[in-house]
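In the block that follows, a single chain appears as structure tokens, in the form predicted alone.
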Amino acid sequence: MKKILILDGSTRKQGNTSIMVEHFINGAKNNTDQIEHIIAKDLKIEYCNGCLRCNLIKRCSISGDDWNELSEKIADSDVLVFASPIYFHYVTSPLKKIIDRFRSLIHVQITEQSVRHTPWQKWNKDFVLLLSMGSSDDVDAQPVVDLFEYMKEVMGEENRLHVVKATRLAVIKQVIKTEDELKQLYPKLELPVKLAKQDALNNKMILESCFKLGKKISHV
């Protein structure tokens, strides 16, 4: 039975990201009950300060926060889900703090040409990105996707990355609004009402994609 750890960067309850996560979990429950959903902003996570001591002691030297316990859960999971709205082309700050602490999971060697990253332990995991954004163009999320493409390669060649991106979601619970509700909303957002019909269909497909991915990825 696969273990799934969800790191949720949403700062709002029942926002679009949370609804995507909920559908993913409902799909995953078809095959596993080993699912833990962690809200990033509720954790006590200190900032990585770039001290580089982890290169020597093979763990983070920062003490007194939740990273030690969280890092054990990360290592023990088969599936790592990172969920976040896109704020200024990136994940939210609570989730970014966690990602920065991944630095302690690898040895970093500065070379003449660049930097070489070597994980203390190679992984064989599924990485999942569930991303919602106000932009109509999912290119706004590309910096996040690029980072995770790199991360999954650094942590081992057997890792896999799965991405679901939802666009044009500017207000809370918009991803579940009906066509008529979107028609009422879009003038307030200065968007053409004609987009409402297709967007309602697209949003439904996005949530179905989250459900199907959860179901597929949790299958042994």
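Everything numeric here is computed off the predicted structure, so don't read it as measured data. From 1 onward, residues are counted along the sequence shown.
Although it is not shown, the form predicted in complex with a small molecule is what the next lines describe.
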query: The small molecule in the predicted bound form: contacting segment from 23-31, 48-56, 66-74, 163-171, heavy atom within 4.5 Å; finding: 163-171
query: Heavy atom of each of 79, 150 and 159 within 4.5 Å of the small molecule in the predicted bound form; finding: no
query: Residue 135 within 4.5 Å of the small molecule in the predicted bound form, heavy atoms; finding: yes
query: Exercise: residue 212 in contact with the small molecule in the predicted bound form, heavy atom 4.5 Å; finding: no
query: Residue 12 within 4.5 Å of the small molecule in the predicted bound form, heavy atoms; finding: yes
query: 4.5 angstroms heavy atom contact with the small molecule in the predicted bound form for residue 140; finding: yes
